[in-house]
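Before any questions on binding or motion, here is one chain by itself as structure tokens, the form predicted alone.
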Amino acid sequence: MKQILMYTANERLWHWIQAITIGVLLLTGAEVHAPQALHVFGFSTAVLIHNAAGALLLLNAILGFFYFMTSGFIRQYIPAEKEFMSLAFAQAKYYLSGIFRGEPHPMKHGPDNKLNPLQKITYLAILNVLLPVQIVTGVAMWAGGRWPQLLEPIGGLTYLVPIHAMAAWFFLSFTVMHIYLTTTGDTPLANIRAMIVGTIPDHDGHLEEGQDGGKA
């Protein structure tokens, strides 16, 4: 079967940098938060790795935002369908029951329709709320460790640490659900393969006869 380009090289690079840095941040953050219960790198090394991964995450987020804006791919994340709510309910019903009955997916998956309505809502919340909260609190905690007087007006780390930890739990929950949902493609590894090589089988005839879209 012919292949079509689903994810560009830039999208795949952005995705995997995000995935790896979030994984590293969750692991090192857990060790920094509870060094007695979890010992992988050692507290001091975990702090250094955590800070470096946070800086890389921020840089990747900025570059990714620039790429998605200038390429026009940002439209993929914006809920613009006229029947958005009905499609969202159909998607929720599919995840709750239809997927276990072997029912067809309520939306066609293709280069121009990469995210279903629930994914769009989730990514908007993560990119516009959760990620900024995590970055702001993380930077503030880093700065407060060096210049404690900066955080005195807000009571030091009293409020920042719980907010940062809560956001981390949300990221962990999203990561677990995201990994699970990647296994719901044509095969358990089909979606992961697509994010590695960039292409998917042309089930819906996106390509004209004789056209080759298998190269990323």
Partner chain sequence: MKLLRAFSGCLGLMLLPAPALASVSALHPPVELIDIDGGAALTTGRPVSTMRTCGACHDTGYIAGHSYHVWLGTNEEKFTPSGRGFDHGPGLLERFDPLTYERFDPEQFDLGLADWLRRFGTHHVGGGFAVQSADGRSLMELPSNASTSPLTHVRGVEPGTSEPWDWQSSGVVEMNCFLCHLPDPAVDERSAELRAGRFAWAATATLAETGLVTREAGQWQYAADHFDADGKVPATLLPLRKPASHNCGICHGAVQDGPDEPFFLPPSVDRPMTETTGEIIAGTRIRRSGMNVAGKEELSRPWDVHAERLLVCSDCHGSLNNPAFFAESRQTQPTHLKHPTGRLAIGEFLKTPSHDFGKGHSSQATVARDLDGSGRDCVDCHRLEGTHTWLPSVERHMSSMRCEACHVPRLYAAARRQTDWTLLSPEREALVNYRGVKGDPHDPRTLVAGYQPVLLQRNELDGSTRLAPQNLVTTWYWLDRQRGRPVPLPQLQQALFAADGSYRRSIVQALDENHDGSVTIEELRLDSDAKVAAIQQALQSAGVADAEIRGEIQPYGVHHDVAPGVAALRDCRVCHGGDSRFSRSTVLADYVPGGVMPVMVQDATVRLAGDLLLSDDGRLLYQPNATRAGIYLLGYESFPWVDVIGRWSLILVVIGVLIHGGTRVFLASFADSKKETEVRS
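Everything numeric in this text was worked out from a predicted model, so none of it was measured. Positions refer to the first chain, counted from 1.
Keep in mind the form predicted in complex with the partner chain is missing from the figure; the text below concerns it.
- Heavy atoms within 4.5 Å of the partner chain in the predicted bound form map, among the stretches 107-115, 91-99, 120-128, 71-79, onto 91-99 alone.
- The partner chain in the predicted bound form comes within 4.5 Å of a heavy atom belonging to residue 184.
- In the predicted bound form, residue 144 approaches the partner chain with a heavy atom inside 4.5 Å.
- Shown alone here, residue 162 lies within 4.5 Å of the partner chain in the predicted bound form, counting heavy atoms only.
- Proximity of residue 65 to the partner chain in the predicted bound form falls outside the 4.5 Å heavy atom cutoff.
- 32 is the sole member of 26, 32, 190, 58 with a non-hydrogen atom lying within 4.5 angstroms of the partner chain in the predicted bound form.
- With contact defined as any non-hydrogen atom lying within 4.5 angstroms of the partner chain in the predicted bound form, the contacting residues in 164-181 are 165, 166, 169, 170, 172, 173, 176, 177, 180, given in sequence order.
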